[in-house]
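Only one chain is included here, represented as structure tokens and corresponding to the form predicted on its own.
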Amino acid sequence: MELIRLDRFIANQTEYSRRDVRILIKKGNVRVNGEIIKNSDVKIDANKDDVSVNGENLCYKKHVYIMLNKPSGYVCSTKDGISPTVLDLIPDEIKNVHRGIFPAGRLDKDSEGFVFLTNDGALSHRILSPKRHIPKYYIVKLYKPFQKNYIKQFDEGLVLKTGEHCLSARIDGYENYNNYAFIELYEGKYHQIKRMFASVENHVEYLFRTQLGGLMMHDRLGIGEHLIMLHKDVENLIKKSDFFTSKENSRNFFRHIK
């Protein structure tokens, strides 16, 4: 394993921010192998060194869970060869400590918003399994105004122009935002949302994912930024969410919409 900065390691494994960690280190509240360390950029081996904060030993967590606000132009893959991948947005220090990080699910190259990355294969299988029915939520900017009849059409299950049938999906418009829609989707067909709106003679100009299951992306996370999630927060991925509550909360992301 390659070495990682002490302050980053503690921030990745606890609820402390990097700023909080630096303060704790300056106060002498952090020890490495029993020795007080007052230099934040000291590098450690997470597998071998014993780290304690305020007298409590930190146990190295094998799995990492990352919330990423994906920009347009990045592909949800570990390797591409042509376009940059979402892994290029994750610092090497994190990837060096937590090997095998990958995006759990896909988001189109030109779409933006919440992408979940992890090295926990078992959890990825749980949230991606069709049997789990984990919903995904999106804000969609349309070329033509949202029509009320879309609600029934999407609920009944659209037939794409290729003849493919879609599962029932929930959709609603936004008051005072005629060309915007909020959609809850349980499937992940290729370019599905774009193809669904094409089947009702409309066109998606921009798509932004806000939420996975019961876990909404932090609205203060800027485009291209990431956040290491606490293990307890990951549980929200498999919790139920209310469609209209999620829709109302999604308004916080309108500042990202192009």
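If you're wondering where the values come from, they're calculated on a predicted model, not measured in any experiment. Throughout, we count residues from 1 along the sequence that is shown.
Separately, the form predicted in complex with a small molecule exists; it is not shown, and the next lines address it.
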In terms of non-hydrogen atoms within 4.5 angstroms, which of the given stretches 154-162, 86-94, 168-176, 102-110 touches the small molecule in the predicted bound form? 102-110
Within a 4.5 Å heavy atom cut-off, is Lys194 in contact with the small molecule in the predicted bound form? yes
Does Tyr138 reach the small molecule in the predicted bound form, with heavy atoms at most 4.5 Å apart? yes
Does the small molecule come within 4.5 Å of any heavy atom of Met67 in the predicted bound form? no
Contact of Leu207 with the small molecule in the predicted bound form (heavy atom, 4.5 Å): yes
